[in-house]
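This document starts with one chain, in the form predicted on its own, laid out as structure tokens.
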């Protein structure tokens, strides 16, 4: 879907043509000439800003875009879903009896989490909750969080109870540019600093928690289990935006740069200790850039006011614009991104020292707890 109308910019065809010509240079000349193709806008970040939440974070970009995320966890009773192996082990489903497990049996919740245990909402000033933009953003963020299964599995308490995670995302400023990357990074930081009360009960007993908040456990610990051979836990994913213009690839584009983009990709990436590069791609989505909605320029050959001949029909106008595509007159781009450019974007994201590693390491450096 295209970005919202608030993200569109009011630039004339001449300004759009000039901006596109500067971004087509090698290397591209961005609006902020001090930034390279892989440089991100500077930001101010803080966490634990909401005292009543299990985790919270706030990030403000240099262009005024600001987001706040709060994470709240509640205990819910799980609904029993019958399985062929579970039917024989249950005493009486109708009576509500549950077979207690022996203390020696392991119940780490691996693969037992459910998608419904995570609920996310996105609020944007000037938009209803059921508008296309908030619904699309919430769907993209939820998809990236639940794709690996790590988060929902960590919400498992026992066969009778689980944590229900509520993630509330609020864009504090108007949507000056496409806010997907900002919301993703703020959610990443909020989840990274979220903590849950320590569990004192065992197995299928009613959950009993430690009242001491200092004894709480992080939702994303540094290691799973104890010992030198323990398996590290992946961090929450982060979504980065990459735009293609010609053969150039630019990360974290601003709203003016999006107005001349040929195609835009939303790449959800995460750190992974099992990968040779330390990062992995979770999902890739295309986003219809606002450049497709910009009005085309009128060349002098088609302008009767400058001695040209106006086209007789829309088909003639389209044919003449196709012939003048390389003349410098602004024409909205059509089509998407070629496979070669997509492969180049993926390599720039997941390679050692790439975009994913830089962004995730920068967000982890903010956490001091």
Partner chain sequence: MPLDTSIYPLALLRLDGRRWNELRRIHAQVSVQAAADGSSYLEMGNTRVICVVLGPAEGKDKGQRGAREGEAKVGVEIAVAGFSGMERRRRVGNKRTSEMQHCLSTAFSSLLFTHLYPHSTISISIHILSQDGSLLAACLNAATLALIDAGIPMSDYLTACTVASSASSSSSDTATSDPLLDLNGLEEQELPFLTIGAVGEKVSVLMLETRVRMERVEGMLAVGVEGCKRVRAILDGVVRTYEKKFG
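Residue numbers count along the first chain shown, from 1. These numbers were taken from a predicted model, which means no experiment stands behind them.
The protein also exists as the form predicted in complex with its partner chain; that form is not presented, and the subsequent description refers to it.
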Candidate spot 150, 206 and 217, all three touching its partner chain in the model of the complex (heavy atom, 4.5 Å) | no
So, residue 247 and its partner chain: in the model of the complex, are they within 4.5 Å at any heavy atom pair?
no
With the partner left out here, check for me: in the model of the complex, does some heavy atom of residue 340 sit within 4.5 Å of its partner chain? no
inquiry  = With a cut-off of 4.5 Å between heavy atoms, is residue 68 one of the residues that contacts its partner chain in the model of the complex?
reply    = yes
Evaluate residue 121 for contact with its partner chain in the model of the complex, applying a 4.5 angstroms cut-off between non-hydrogen atoms, and reply yes or no.
yes
For its partner chain in the model of the complex, the stretch among 262 to 270, 284 to 292, 113 to 121, 137 to 145 with residues bearing a heavy atom within 4.5 Å is 113 to 121
The one option of 131, 211, 202, 74 with any heavy atom within 4.5 Å of its partner chain in the model of the complex is 74
